[in-house]
Ligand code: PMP
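What follows is a single chain, given as structure tokens, in the form predicted on its own.
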Amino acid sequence: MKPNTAVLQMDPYKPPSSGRDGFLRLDFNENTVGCSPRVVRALMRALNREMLTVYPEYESCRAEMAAAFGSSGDDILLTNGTDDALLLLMNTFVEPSHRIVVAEPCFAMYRFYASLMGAEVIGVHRGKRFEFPEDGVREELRRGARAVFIDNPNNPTGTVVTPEYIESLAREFPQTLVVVDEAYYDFYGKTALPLRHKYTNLVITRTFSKAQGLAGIRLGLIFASTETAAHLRKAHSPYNVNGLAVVAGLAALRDRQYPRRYAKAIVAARKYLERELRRLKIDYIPSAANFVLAQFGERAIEMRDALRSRGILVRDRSYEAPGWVRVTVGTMPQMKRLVRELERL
């Protein structure tokens, strides 16, 4: 059996996600200390044979999530992580004839899912220091685009675009879906969330994978206007989020101090790492996320492999930004360990 044309033409996405046990994992922007203890206790209480035999129920979870984010409940959807949210948005609003705009480099799944739909992906290159190409994106939208996807802060660079610019796109291009991926919001603090009721073409996604430390459980959120959310709900898989993710998500939501404390500690460690990179004369991009993009030049692969031999994983991004390596920011002791190894290398 031959797959459809879009699949035949796609390059496979192959994240290096195996063989990571026992390492200091600074390669996938994960929480480096673990989730809230309340989440673990909630899962232990909930885990039983009966729970595993029934389909999950979402109404009470969605209502509590909505209340926490100042929502009515009709404008929020639970998803199986941000990836599921992106796929749902593509399935609902994108067709093969459409143009999709992204500012590259960016989260790889925007291009992946758009290509899967057979859409044309227009990549607008960021500036020399990876600043967001505001004029270039606006120009492409003037040429006509079904959607623009913006990760804010951006992955892999940690750079940001202002909520005011995002609102200007939603206002100026009402027929274009403006998707803002706020996976790293907790480390940045600025959001487009209040704008979702003002513009029916604006959608915001969030995840529990980062500050809340639930990457393994897979839980995300979509925020949209009531009208847009209704369209998404029609295309939504009925049981896309598993029951244990619901339990974990609610427990994480109720322990609001945990992600705040973790994000505060990570921001302090990020400032320390950036300061040490300056001391070591390693160029980097100032970040608003829980990672820093550092320039290792021709030694990028060598440094990645040498750090691995010392028990530390980092992510080489040379395939899209030559010489650049992305380093997840962990706790202060973890960053001091990294700096010691960088000094030796």
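Keep in mind it's a predicted model, so treat the numbers as computed, not measured. Each residue number is its position in the shown sequence, starting from 1.
Omitted from view is the form predicted in complex with the named molecule, to which the following refers.
- For this chain shown on its own, do D83, Y110 and S209 all sit within 4.5 Å of the named molecule in the predicted bound form, going by heavy atoms? Judged in the predicted bound form, D83, Y110 and S209 all sit within 4.5 Å of the named molecule.
- Query: Among A229, V102, A183, I204, which has at least one heavy atom within 4.5 Å of the named molecule in the predicted bound form?
  - Reply: Only one listed residue qualifies here, and that residue is A183.
- Message: Can you tell me whether R218 touches the named molecule? I mean in the predicted bound form, with a 4.5 angstroms heavy atom cut-off.
- Response: Close contact exists here: in the predicted bound form, R218 approaches the named molecule to within 4.5 Å, heavy atoms only.
- Any non-hydrogen atom of T159 within 4.5 angstroms of the named molecule in the predicted bound form: T159: no contact with the named molecule in the predicted bound form.
- Would you please decide whether N155 lies within 4.5 angstroms of the named molecule in the predicted bound form, comparing each non-hydrogen atom pair? N155: contacts the named molecule in the predicted bound form.
- Contact stretch among 133-141, 102-110, 190-198, 68-76 - heavy atom within 4.5 Å of the named molecule in the predicted bound form: So the stretch in question is 102-110.
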